[in-house]
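To begin, one chain is listed below as structure tokens, in the form predicted alone.
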């Protein structure tokens, strides 16, 4: 599903963010990407989204060399990748339902076709009774559930999450991880970049550790530390 070969990213000024990264993530896997701040986690995620171009190396997503994709094809790539960030990025003037349905509107699905899809995904994330609320009327954990619903509503084959629980308390965090686990069991490949040690240790999933842009550990059913 994701294949990286010799991926290096040097920022202007010479900062080496990724250093010859080789990584394979199979269809249906759940992978934690861990490491301290500055280890290259966010750069790696942004390269997968083609928000950044690597300085060297090749990245395949769902069998396609994304380095060869023209700019006009990038939106199609991103339709296959759901994204969840630390910042919820919700539209404040839209309800929970409208925030999620908007993700389908922008890819051209007519509204009458999306109603059941949106309602189903909001029930999946535990917000079936809060569809008409606005973002300022729900908690931070619920806002992140809306952003997960929005990322998943189109049932993408890949879901990327970059520090999705950075602003949330431990109980809310574990609830969200169970939700990612449920989405993974539905067949979606899930990659979560985090430095939340307790969460990673409790989940016992594959752990890929980055340090100074290099993969220093890749362990099935791993823990955060060495």
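For clarity, every value in this text was computed on a predicted model and none was experimentally measured. Positions refer to the first chain, counted from 1.
Omitted from view is the form predicted in complex with a small molecule, to which the following refers.
Remark: residue 40 counts among the residues lining the small molecule in the predicted bound form, judged by a heavy atom distance of 4.5 Å or less.
Taking the partner from the other structure, the small molecule in the predicted bound form has a heavy atom within 4.5 Å of a heavy atom of residue 36. Taking the partner from the other structure, the small molecule in the predicted bound form has a heavy atom within 4.5 Å of a heavy atom of residue 163. Though the partner is left out of this view, residue 17 does reach within 4.5 Å of the small molecule in the predicted bound form, counting heavy atoms only.
You can rule out all but one of 20-28, 200-208, 7-15, 214-222: in the predicted bound form, only 7-15 has residues with a heavy atom within 4.5 Å of the small molecule.
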